Each structure stands twice: as structure tokens, then as C-alpha cells.
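Consider the single chain below, provided in C-alpha cells and representing the form predicted on its own.
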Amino acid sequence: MDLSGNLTDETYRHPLPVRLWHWLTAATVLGLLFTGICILNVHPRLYWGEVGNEGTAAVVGLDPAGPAVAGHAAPAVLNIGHAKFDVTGITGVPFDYGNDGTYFMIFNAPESWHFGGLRAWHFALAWVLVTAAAAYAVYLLLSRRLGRMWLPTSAQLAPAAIRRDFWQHLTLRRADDRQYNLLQKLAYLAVLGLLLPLMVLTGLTMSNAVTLRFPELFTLFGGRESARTLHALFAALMILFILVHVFQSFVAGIVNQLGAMLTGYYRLHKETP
């Protein structure tokens, strides 16, 4: 019985390979997001096609909105397509007042954060992520965990079950914790089977060494700058997944969730009669 008076039981949910992959991936993704944001910070503009520079129209861009005045926040505008949003005082740090205009960063980064070093770390962490994901995919197949834990059951795909699952999430109610619910399974499958591969492929498209051998990547994503824009979009979706994942962990009981991912044992909750 736990502190709330509910009867509890334990099940061994997360074997050691699952726990190792989870924490390695969590650390690697956080490192990738940090270095990726720092790389984007140097040139916070995203384009479509093969070429992108200050003279090219941006799909998304942080740009100056007027001359900077000493003692005041630099006027800044966030352009998303044809929409413009005034972000003066929220973000935008001018770092060059040369003849070519005022260039912006998203935030003021220390001078010791060299672009070349951050880019090298970003690619190194990406290969760690790829290797870990490939090894985990093999484990899922060989252990049959993919079918047992991740693939939706016919009962979960019934219309009534789908409506119930959505309602439980919308009302922040604890779902049946004896198995992953439908939305969990779909989210994990989408991230591992779609989002991560797309992030990797768009990232590789920005590597000269890779595209020299596989120029078809440019055709696949519509150009180097298109791949960069899609890479940033997929990174934003990854951030969204992480935020929802952490939020749902608190809804389900963060202590129990962390304990299960550290020890493997998950505490099942049963209402007292």
C-alpha cells in the first residue's frame, strides 16, 4: 500500500538495455538540442532551396526592425512566412553594426562558444544517437519487445477505447498502467520510426562529406537550406515531445516513473475496495 492508501504491486517493466538506451538517448538529445540552438544562434534565419544568405528571403528569420539606440533593446522582428511578430525586448541581440547592416543572434553567447567546436560536438553526438537508436531497434526486434510493448492491440484500436484514451489524457487522469496506452505507443513509434530518422537524414544533408557521396539527399529534401529548415522543424517537434513526455510523467507519478527507469520495477496502482 502506498502513501495515498492505494494497493500496489510491482512489475519488471524496463530491462537493463531499455534503461541504458533511455538515459543515453536523453543525455545525447539534450546535448544535440543545446549545440543545435547555439549553431542556429549564429545565423537565426531559415530558408528553402539550395541557397540561403542575408540577401535571400527567409522562411523563418529573426531580423532587425530599425536602428539600434544605445540604452534600449534592439528593435527586432520575427518573420514566419509573411507574418511578422514584434519581439523587441524578448529576443534578438545585435552583434555587428558594419556597413552590411545589423546582424542578430537569438541570445548573447559567450565568446568561448566557438561555432566550429559546437558544430563538431553536434555531429559527434548525432553519431552517438544514431548508433544507440540502431542498437535499440535491433534489440526491440530480437527481444520481441516491439510487438509486446509498442504495437497497439486490437482492443486499443477500438473506437470506444480510442475515445476513452483521449479523454483520460485531456482530463489528466491516470490511465491503465499495466501497459503502454495507445497515445504513448503511437508517440514512441513516431519518434523512433519517423522523427529520429528524418532528423538524421536532414542533418546528413548538411554534411559536405556525406552529400558528396550521396547527392540524392539534396533531391530528397529540396536542397541544403531546405534540409536545414526541416532539421530545425524536427528539432522543435522533438522539444515538444520531450515537454509532453515530462508533463505526462508528472501526471502518472514522477517518482514512480523515475524509479522504474532506474531500477526497472514499475509500481502498479490498484484502487482500494
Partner chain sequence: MSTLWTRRSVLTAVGAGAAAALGIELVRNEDWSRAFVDGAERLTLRTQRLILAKRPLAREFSQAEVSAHFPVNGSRVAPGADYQRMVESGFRDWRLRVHGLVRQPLALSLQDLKRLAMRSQITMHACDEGWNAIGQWGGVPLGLLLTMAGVVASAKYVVFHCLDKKDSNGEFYYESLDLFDAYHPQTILAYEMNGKPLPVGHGAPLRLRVETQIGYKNAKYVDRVEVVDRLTGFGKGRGGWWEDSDNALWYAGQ
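Predicted model, so just to flag it, every value in this text is computed and none were measured. Residue numbers count along the first chain shown, from 1.
From this point on, the text means the form predicted in complex with its partner chain, which you will not see here.
Using a 4.5 angstroms limit between non-hydrogen atoms, residue 182 is distant from its partner chain in the predicted complex. Interface membership of residue 191, defined by any non-hydrogen atom within 4.5 Å of its partner chain in the predicted complex, is ruled out. Although the partner is absent here, residue 235 sits far enough away that none of its heavy atoms falls within 4.5 Å of its partner chain in the predicted complex.
Its partner chain in the predicted complex is not approached by residue 61, whose heavy atoms all lie more than 4.5 angstroms from it. Highlighted residues 43, 52 and 128: every one comes within 4.5 Å of its partner chain in the predicted complex, counting any heavy atom.
For the residues 145, 84, 119, 169, the 4.5 Å heavy atom test against its partner chain in the predicted complex is passed only by 119. Note on contacts: among 30, 244, 210, 220, the single residue with a heavy atom within 4.5 Å of its partner chain in the predicted complex is 210. Scanning 218-232 for heavy atoms within 4.5 Å of its partner chain in the predicted complex gives 218, 224, 225, 228 in sequence order.
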